[in-house]
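This document opens with one chain alone, in structure tokens, the form predicted on its own.
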């Protein structure tokens, strides 16, 4: 697989505290890679190492096949969780300044800023100060200055913080479009619904160690339990339920659906076939709901952290 970013056996200590312990990740080109973990797990330390804010004690980092060097910073866009805009500085003046720090000319920066300000419908903010904007408005500016120089690698740390649902969806669509345009994205968040919507691959760091890594669909497949949500309509609830329990393992059901008399979670053994289950159910009642239970990113996150 062609990877844009590779961290190879990276460790970092702060005094006696071990922030990262021999962590390796590989971020495929053109992917959205979810970097996940509880607070204090080590995610921010790894992000700071990729941005060369701090250096690893051991291990190496590669960007597009090359050892990470200071000049690579122009190929990276970083939106930190703790925002870094100058509150008393005007929006346009600040955006131009930050763009030039990333190697853009003033002329190119203004052209690209006009494009983004028009796209996000914020053209009248140019002469406002950051302190005059709401948290969500300032977040839009932070997003623009992160992506403005068209970096190969974008790192978003809680990018939807401060946004209402409409603007969160707007920025989500822009992130997907940036990926379509060729960018590679590292996405760090505690919002597991965003991981479901955006991420192709994930890595989970817990207590300084990587405990899970891979393609999200493969990880979901590994964690599924061969369980099916079943919703039935019948006039003989007790007899139908008893017949199902005699043949299959029935678990408590917590899903929501409409107008069903019987709601069950049915777990199949390895030798059982879902089609056989469905045929059996249709012989006993009207089947209105039949869905395999696929573990969510949130379920996998919680289970993995508890197990470790």
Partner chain sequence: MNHLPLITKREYLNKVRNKSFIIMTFLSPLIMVALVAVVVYLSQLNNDKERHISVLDETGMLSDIFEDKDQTTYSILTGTSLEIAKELVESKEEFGLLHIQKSDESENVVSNISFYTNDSPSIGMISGLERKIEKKLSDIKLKNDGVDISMIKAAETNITIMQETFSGEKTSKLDGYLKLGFGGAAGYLLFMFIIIYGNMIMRSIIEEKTSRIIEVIISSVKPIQLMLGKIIGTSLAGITQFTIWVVLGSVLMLVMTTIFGISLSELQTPQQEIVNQAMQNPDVANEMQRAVQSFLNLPLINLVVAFLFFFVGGFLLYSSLYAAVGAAVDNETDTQQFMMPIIMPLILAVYVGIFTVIDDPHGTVSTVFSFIPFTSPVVMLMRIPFGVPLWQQILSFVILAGTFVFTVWFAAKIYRVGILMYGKKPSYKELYKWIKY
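Positions refer to the first chain, counted from 1. In this text the structure is predicted, and so the values were computed from the model without any measurement.
Unshown form predicted together with the partner chain; subsequent notes refer to it.
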property	result
Heavy atom contact within 4.5 Å of the partner chain in the model of the complex, the stretch among 168-176, 196-204, 74-82, 229-237	74-82
Contacting member of 278, 53, 251, 268, with respect to the partner chain in the model of the complex [4.5 Å, heavy atom]	53
The partner chain: the contacting residue among 211, 120, 89, 192 in the model of the complex [heavy atom, 4.5 Å]	89
94, 97 and 142 each touching the partner chain in the model of the complex (heavy atom, 4.5 Å)	yes
Residue contact check: residue 150 to the partner chain in the model of the complex, 4.5 Å heavy atom	no
Touches the partner chain in the model of the complex: residue 48 (any heavy atom, 4.5 Å)	yes
Contact label in the model of the complex: residue 162 to the partner chain, heavy atom within 4.5 Å	no
Proximity of residue 103 to the partner chain in the model of the complex, heavy atoms at 4.5 Å	yes
